Every structure is written in C-alpha cells, then in structure tokens.
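Next up: a single chain in structure tokens, the form predicted alone.
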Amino acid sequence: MNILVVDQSGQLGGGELSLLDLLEAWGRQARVVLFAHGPFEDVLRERGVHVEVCDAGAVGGLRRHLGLVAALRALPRLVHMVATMRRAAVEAGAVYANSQKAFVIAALAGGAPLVWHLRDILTSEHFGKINRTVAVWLANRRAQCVIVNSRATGDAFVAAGGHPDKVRLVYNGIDPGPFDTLPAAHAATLRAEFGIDAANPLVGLFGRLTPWKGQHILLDALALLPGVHALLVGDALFGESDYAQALRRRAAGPDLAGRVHFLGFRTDVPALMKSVDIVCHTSTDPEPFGRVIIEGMLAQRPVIASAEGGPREILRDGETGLLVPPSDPRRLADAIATLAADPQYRARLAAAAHADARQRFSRASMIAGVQQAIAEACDPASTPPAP
C-alpha cells in the first residue's frame, strides 16, 4: 500500500519522533508532505524518505485559538494547499495525518481513506472553539478512524463531539536501544562538564520551553531546595522566546543562581537523562501522552510527573513513579526532596518503571497498532471492537 503521510511541522517534536519510527517500518511504501521546512525535513531526507514541502504561508500562522480575521486572511493559501493535497493523494492507498492542521487540509482535499493520528487533547486549554469544532466535524465525516495516544486524548475527542466508534487507542512506543547502549561512566562525564558535583542532586526537565510545559513550576520548586541543580533541555519555538527569557531571568536570581543549566535543543537526550538523578515532568495542562516520561523510565531514572492526562495512564503512583498535582511547586519540591534523600527508593521506582516501559510502550506494539488502524481504514467491512 502507498501511504501519503502529512505533517504540519518542520520541527522535531514528540509526534515527529514517533513518525520517524513508523516511516522506518513503512520504507518506500510511504512519502511525506510537510507544511514547513526545518530540521525534521532534513532528517527525513537523510534517511532517504521522499519528502515534499508545501509551504503553509498564512495557514501556518493560524494559532490553536483561531480568530475569524486570521482565518479569512489565510483562506487563499488554504485553497491552494487543499488543491495540492488532492493531487498528492491521487495514487495513495491511504492518507495518514500526523497533526491537526495536516488532518484538516487532508480532510478538505478528500480522496483516499484518511486516518488521523490525534496527538493533542481537544480541550479549551489547548484549542479554541472554532478549531475544535472544525476538526471534530471533519473527523466525524471524513476520517475512517482516529488514532489516539492515550485514553485521555480519546475521551477529550469524544467529549468534543467525536464519534467514539472511530477511536483507536495506540500508545506511543520508544526504542530502548539508545538508552541500553550508553556506558555507565558517560553520565558522570556529562555532570563534570556542567560543573555539577556528584553530591548535589540533579533533576532534569526535557521539552519545549513554553508556559504550559511548566518550566517555571520547576524553578519555583527548586527555590525551596537549596543545593539541588536542574538541567532544562529544550528551546523555545513558535514565538515563545519571551517565556524562555523570563526563565533565564528567574534562574539568575539570588536563590537559584548557578543551579539552573539551560542546554537548549539537544540530540543526546538518552545520555543527558542518564546523567540526572530524577526526571521531572511539570505540564500545567493535561498532557496528551508524555513521551519524556517513557524516556525517563527507559533511562532507569525515577520520574515525577503532573497527575493529569496521559501521565496518569503511564505511571502508577508510588510504584513506577510519583504523580503530583500540576502547578504546585511545593508538592513538586516535596517529591524531589523525598527521592533525593532516599537512593534505595529511587532505585526501586526506576527498576519497576524500566520493566513496565519495555513491556507496555514498545516501538513494535506502536507500529503494529498504527498498521492495524490503517488496514481497518482501508477495509470498510472490518468492525473492530472499540478500545
């Protein structure tokens, strides 16, 4: 089967990293249309994937909270993109949309059976009413199925009016190989490069610098924990540089000076996770899944996560990690202090989490689940049970 893959981003986010694994499995069966140039395009070309970029122009500037004026301004480009997608899909056996904008364009274009991999929680915190209404309306009428990365994502889709019989639950899977092959001494070497003494507890927060990812919550918690250092791995995207600058100003304050290390975008995430004592996830809004949580588990580091959305499905509180209320620096600080003071407890949580991640969130199971959903989409007679 020829699969046409559509993605709005040229950046390397969690959805794109999962897509890379799928594309490796599909090989020459798949070709990709992106709506923006960027590092993701470069990685795809390096791997020999057929890539076409249809510049979104004004459509790319449409935000999650969509305004009518902006929508009207983007209309001419939207018409052009729909026509381009219609031509691209002529020979496709299936169209796989890896993001919301990609899905909307593909749905308007019509043609081959359409699968939407929904990786976002469709709530008012994340999307405006117009965005949610349009996406769900099109999903109910054009998508053969909607793959969701967590039950929380699926529940939000149904609550927004989506048909529950279209939902297929497929958890993201991550290859443990990059975590398994790192030499033990590498973590100590990295800490030495950052100038962090082995006696100082080190926590890591990995992800885009944006308010809803909650880096400021970690900094407020850190202010309550003298001697604890933090790595912030990731950078600002999509016009959020003001937030990144605010974080740096906060980190330069007398209560945090010298303890917060901004590393920017890095490709050596497995090694960096191995170098920390604790991995933190601090999203202030419900997280659709939480790829960084699985990575921390595979790195055999205890994970503290916000107890909303996907993380509640990934971690068992007190058994494979710790869950804390979102936007609560005091509770986060208490959890960090508990783990920092008890190496044996950290080791027990990390070992249980590592085994759980390898069993429940494998790359093979993710690929098989997506393959099955596409096969069902192309066979109208199939009627699989809802998850």
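This is a predicted model, so every value here is computed, not measured. Sequential numbering from 1, following the sequence displayed.
Omitted from view is the form predicted in complex with uridine-5'-diphosphate (UDP), to which the following refers.
- Out of the listed residues 310, 173, 204, 234, 234 is the one that sits within 4.5 Å of uridine-5'-diphosphate (UDP) in the predicted bound form by at least one heavy atom.
- Shown without its partner, this chain lists 177, 258, 211, 264 as candidates; in the predicted bound form, only 264 has a non-hydrogen atom within 4.5 angstroms of uridine-5'-diphosphate (UDP).
- You can rule out all but one of 84-92, 242-250, 284-292, 223-231: in the predicted bound form, only 284-292 has residues with a heavy atom within 4.5 Å of uridine-5'-diphosphate (UDP).
- Taking non-hydrogen atoms only, residue 366 never approaches uridine-5'-diphosphate (UDP) to within 4.5 angstroms in the predicted bound form.
- Contact annotation: residue 10 falls outside 4.5 Å of uridine-5'-diphosphate (UDP) in the predicted bound form, judged by heavy atom distances.
- In the predicted bound form, none of the heavy atoms of residue 22 sits within 4.5 Å of a heavy atom of uridine-5'-diphosphate (UDP).
- In the predicted bound form, at least one heavy atom of residue 269 sits within 4.5 Å of uridine-5'-diphosphate (UDP).
- Contacts between stretch 8-46 and uridine-5'-diphosphate (UDP), counted in the predicted bound form as any heavy atom lying within 4.5 Å, involve 13, 14, 15, 17, listed in sequence order.
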